[in-house]
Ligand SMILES: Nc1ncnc2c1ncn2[C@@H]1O[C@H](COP(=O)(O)OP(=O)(O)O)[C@@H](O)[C@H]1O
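Presented below, as structure tokens, is a lone chain in the form predicted alone.
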């Protein structure tokens, strides 16, 4: 059972097996709900702990998880009722934990042991405050260890020590210069504006005031430029380290997270950090130094008046302590609303084709309107609170000035202090009010920056689960002998996608992987390309454990052609050359000819210099596929992986691609997955997978004679082709 500190007490009949927090109501509006599962029933509670709905496990016939844009729901099918019930809804970030909840419910229905909960399945809640964590991160923005993060940030300053030291010297000089004008004003009032003073003294002192202002302006400009200079370079270092860390992480890491969040971390979080590093640290240091210096000068001038100034400071601190918890709560809700809105927009835009295909634009607008209104409400509440806090701090700070005028005025009237001293005191108080008011919003600024920094550091510190071992074996040349020894793997620990796989592939052999959707075909080639490491068992390459082979050597000799070809936004030549950046145009053209791509490329407006557009949207599916094959030809791998490389193409395009693939596979160890089983009839061996297990293995003719799983798949495909032929 997962414990959430902030949840209400539930009136459960027994100890729950699992408690899951949801964040959507039945109308897909954001709220907090809890699904409590015990051995006998499922109960959905609202935020106050009241029961919304309840169902007995014995009534359930089946349960499934259905996902839509931005979230999903658990759908219950009952034994004796003709309708299905959407029992609980949730947003996209909570989908992994409800997928585990689905497996728990299915185990209860089937009266099987409850599957073990892995770390990836657990509801993502902060261990300190109990609030739901953002998608893809273990960083709670309200519980960040600011001292630890700040110390690490300052560590990035080391390469820029000299500019930072110079900036601090400039800061000290600037602070000292700031303290001089009020004292000059005191001299002007006490010594120059009195009777019999010389006008030349007045002119000199005014000129000195002007010089101090000019020097102060120059110090601020230099300090600001230095802050931008080293702050920008520090953030460049952090962004580079973050991107390098992302490139080193395995696909398993990205499977659990949304791609859009990483764009936000590399950009938005980095911007928040840069603003803090370029302005925040300088401002904190400068304002702190200014406060200490002003107080020291005031104490030196008249300690009694200085103590009167300090009377309101405990009151300001007390108000800050009382108000800040409410500010934190408001800020957290605002931040959550913004996160939800971003997720909704990201999902809708990534699925824009499906949205338009089903005419769901009004639905998406309505969902966006609801999330947007919630964000507007949170913004009004949070910013409205700040608008009330700032005047309050100004009022409290101003009381100190009024006390100085009263008590200081009394002393001036009784000739205990000079009028210049009183005026200088009021000027120093004004200098003190600015930093004090600024510090009232400092906590919010630091919290945002430190949370952003912690999220960045979380990526940099993420363990690389598919990495080179210390004694990795260099294999610059491989033969292509591959062995799977009792290999099992699951994208979710409690759901293995392939189980106990054993096979021995000889160099140069072509293997066809066959099976129904979800049988484990793509999983096998993902393991072979070492996008993932097996949970159990070992894969050997030329007799060496694949986990001990240097990844640079492995990926240099493994080529992949996928069904969904990805092209980068650049020229055709650049996309082909991506496999070998040092290849000449002659090499690119030769590869394109082998891939049957040269003809259509030359028919493009700019030939090989034609821009393909983002994700290659200016090219057809067949054209993109042939560019991908040309890329694989240029890569010249010893092991070739073809994953549905000819699916969803017209007959003529498929023929051209098949010709290109026939030339590509010669002399290479090849694994091929094909939509049409007939295209694999010439493979040396076919491996038939069924629910993650090897069901059959042999040639096309042998498997047909066995009349097993492969025979049924072929017959089903023939029947489907006949139906399509009749319909056509």
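Positions refer to the first chain, counted from 1. Fair warning: this is a prediction, and the values are worked out from it, not measured in the lab.
Not pictured, yet referred to below: the form predicted in complex with the ligand.
No atom of the ligand, overlaid from where it sits in the predicted complex, falls within 2.4 angstroms of a backbone or C-beta atom of the displayed form, which makes the pocket open. Only one of 362, 151, 518, 384 lies close to the ligand in the predicted complex, with a heavy atom inside 4.5 Å, and it is 518.
Here is the short version: of 160, 243, 491, 166, the single residue with a heavy atom within 4.5 Å of the ligand in the predicted complex is 491.
Heavy atoms within 4.5 Å of the ligand in the predicted complex are found in one stretch of 509 to 517, 538 to 546, 588 to 596, 220 to 228, which is 509 to 517. When contacts are judged by a 4.5 Å heavy atom cut-off, residue 560 does not count as touching the ligand in the predicted complex. Of the heavy atoms in residue 532, some are within 4.5 Å of the ligand in the predicted complex. In the predicted complex, none of the heavy atoms of residue 448 sits within 4.5 Å of a heavy atom of the ligand. Residue contact with the ligand in the predicted complex: residue 497 places a heavy atom within 4.5 Å of it.
In the predicted complex, not one residue of 688 to 713 has a heavy atom within 4.5 Å of the ligand.
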